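Take a look at this single chain in structure tokens; it is the form predicted on its own.
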Amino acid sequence: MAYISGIGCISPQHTMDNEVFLEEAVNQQALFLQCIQPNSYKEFINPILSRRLSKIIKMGITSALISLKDAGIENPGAVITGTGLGCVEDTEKFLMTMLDNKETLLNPTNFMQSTYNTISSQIAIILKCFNYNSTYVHRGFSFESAVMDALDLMANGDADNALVGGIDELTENHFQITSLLGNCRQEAENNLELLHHPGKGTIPGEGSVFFTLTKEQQSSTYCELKGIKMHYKPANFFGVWIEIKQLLEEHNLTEEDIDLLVMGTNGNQETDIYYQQIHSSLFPNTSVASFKHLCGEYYTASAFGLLLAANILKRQTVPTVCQFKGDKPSNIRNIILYNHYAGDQHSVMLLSKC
């Protein structure tokens, strides 16, 4: 159990300003969604350093600093990130240069910044944070693993707070490769209409979302993160059904206590069946909010889902663009966030109003 006391996000939506939240949704006709970059990073990163950093590293540093400022914390007790792909652009640059130069005269910068833990390391260097630092690369469980690690650290008394992030970037090369697997829509589509036109594949995306988790409630606290469950490759939806039931029982709650489901529906009719079955079997009368039509599908998209759920609990309203099924609930006490990646990695989080 922990409290979400700070949030920082760079996404395909206007999410850098925590004072407003999804009041004007960005509508794109696209094959994939990319993040809206700030006009300048110099407010957050030294311009001399910024010139040497790739997009994903600058996004990670900036969203992390925004999260800490939101929580009023200067130096976190831990820096933990989850990423499915890491610094793909730097990796591609290094490999392409190696091929073009026939393995001679290579630029070491791209190699150094291609490692998965570069983002966590750069955040710690800028903050001069010498505390626990770790990166999880567990595909669709990457962000959830980072959250679990932070919860364990605080539960064991090893940290009073932790900076936890989920971050992935999308490049043209990676999009072309994943398109061959049949996971993406073959024609550009309006992202805000995605969920209303289920079909084969979805729209991929990217994002950087950081949360400052604290052991104690603060004036900046958004909500309480009560628990998390993960299930790898369930035989059917019943495996996820059991995880949700156990999570509720551990906190003395029933299905009737859940006021809203936040689900990772992405328009892919082959994998959205899990969401439909969980909703109809466990929460048939509960309203549903969705988020992947706003950020796209990627390994750590559940971080954007957590961002949505936390803001809904704090503001006590569901953004119109996120309301998917049912009426908007008036009094939102408990939320179940359910997400899966490609039908393999399933995660469930329970959040409550403070």
Partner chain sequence: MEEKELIDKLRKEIIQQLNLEDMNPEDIDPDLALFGEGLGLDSIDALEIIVLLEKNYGIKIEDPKQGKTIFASIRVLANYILTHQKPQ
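Numbering follows the first chain given and starts at 1. Everything numeric here is computed off the predicted structure, so don't read it as measured data.
The next section is about a form of this same protein that is not shown, the form predicted in complex with the partner chain.
Across the options 311-319, 296-304, 325-333, 50-58, residues that bring heavy atoms within 4.5 Å of the partner chain in the predicted bound form belong to 50-58. Out of the listed residues Ser179, Asn131, Thr109, Ser134, Thr109 is the one that sits within 4.5 Å of the partner chain in the predicted bound form by at least one heavy atom. Of the candidates Ala188, Leu105, Met96, Ile273, Leu105 is the one whose heavy atoms come within 4.5 Å of the partner chain in the predicted bound form; the others do not. Interface membership of Ser281, defined by any non-hydrogen atom within 4.5 Å of the partner chain in the predicted bound form, is ruled out. At the 4.5 Å threshold, heavy atoms of Asn101 reach the partner chain in the predicted bound form.
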